[in-house]
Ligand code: AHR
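Form predicted alone, single chain, as structure tokens, below.
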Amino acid sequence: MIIMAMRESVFFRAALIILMIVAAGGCAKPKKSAETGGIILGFSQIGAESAWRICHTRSIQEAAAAAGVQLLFSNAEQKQENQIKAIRSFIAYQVDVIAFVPIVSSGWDNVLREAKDAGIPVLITDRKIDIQDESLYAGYIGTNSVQEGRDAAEFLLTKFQDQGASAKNPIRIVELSGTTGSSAADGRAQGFREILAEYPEFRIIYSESGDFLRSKGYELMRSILKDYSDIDVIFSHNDGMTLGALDAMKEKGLNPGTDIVIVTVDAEQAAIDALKRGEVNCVIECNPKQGPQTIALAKQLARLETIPRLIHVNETVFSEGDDLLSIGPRGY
């Protein structure tokens, strides 16, 4: 009798565990609303390291709410492994669409293959990826980093056209690069060099990654100013690093924008304000307000529609020669 009772107890516990697993599996994904046709979008952001990044996230969150899209949001805190975990959790949850900002370009093949095998379309946003099988993602929406680099170089050509620079008397450029391996950093560096390749009077004397962080921009600039006394230009891949570099220059008694020409990318409010004060000479917009287009594309993918492989958002260049009073609040 005791043995039978023990067997019944074990059987009961096993049956209960099975029922719990089935119940949990049944709750894995809420059903779409027949009335609203709502969808579930899993979105992985790389972090909240700047006003630009916070605005980009807010734009997507607000657009999702306005469109009735349920958003599962994950902050990767600047780590690719966290993004991969998030994407796998979205797959397990059986979301309708996955969108993410890849912190670096490579290393996505396996997890995107898992998404494809699960029948979940993937939308790449803001930064691009380098992948062998491009069928693993549906499309890209974001900024044109290569053009941003070109715009920076074109400004310098105009700025220094009457300076009498030559290969023997070059314009000395320091580049504060973004996160190593990211498409934003690679693209801006590529476009910048593409334009200046035909002008030997423009020489990049130093280039180092500041990881798109204000703190690292400050640290880098302090170190650079110890080693280099003759700098004509700072080309910074984002406003965060630029603002840090401005702090370091002021500590040294330099007048940024006058003693050293400053070109920066993003067009945060703080950078536009610095442009208006004459501390920055050119600001190239990297438009973070991508939410409405991103959500519209996600809804198309949920309906199993084909989307364009490449969409670049509209962007502007602001420089010292513009009517700066006409520039409205940036919102980030």
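Residue numbers run from 1 along the displayed sequence. Note that the structure is predicted; figures quoted are calculated from it, not measured.
Omitted from view is the form predicted in complex with alpha-L-arabinofuranose, to which the following refers.
Segment assignment from 249-257, 113-121, 126-134, 164-172: heavy atom within 4.5 Å of alpha-L-arabinofuranose in the predicted bound form:
It is the stretch 126-134.
Look up in the predicted bound form whether C286 has a non-hydrogen atom within 4.5 angstroms of alpha-L-arabinofuranose, and give yes or no.
So C286 counts as contacting alpha-L-arabinofuranose.
alpha-L-arabinofuranose contact in the predicted bound form: L176, any heavy atom under 4.5 Å:
Answer no; every heavy atom of L176 is more than 4.5 Å from alpha-L-arabinofuranose in the predicted bound form.
Do R53 and alpha-L-arabinofuranose share at least one heavy atom pair within 4.5 Å in the predicted bound form?
R53: contacts alpha-L-arabinofuranose in the predicted bound form.
Hey, in the predicted bound form, does E62 get a heavy atom within 4.5 angstroms of alpha-L-arabinofuranose?
No, E62 stays farther than 4.5 Å from alpha-L-arabinofuranose in the predicted bound form.
Quick one: from F90, F212, F100, F235, grab the residue that has a heavy atom within 4.5 Å of alpha-L-arabinofuranose in the predicted bound form.
Filtering the options by heavy-atom distance leaves F212.
Ok, A152, I262, M221, A184: which has a heavy atom sitting within 4.5 Å of alpha-L-arabinofuranose in the predicted bound form?
So the residue touching alpha-L-arabinofuranose in the predicted bound form, by this definition, is A184.
For a quick check, can you give me the residues of 253-274 that have a heavy atom within 4.5 Å of alpha-L-arabinofuranose in the predicted bound form?
Read in sequence order, the lone residue that approaches alpha-L-arabinofuranose (within 4.5 Å, in the predicted bound form) is D266.
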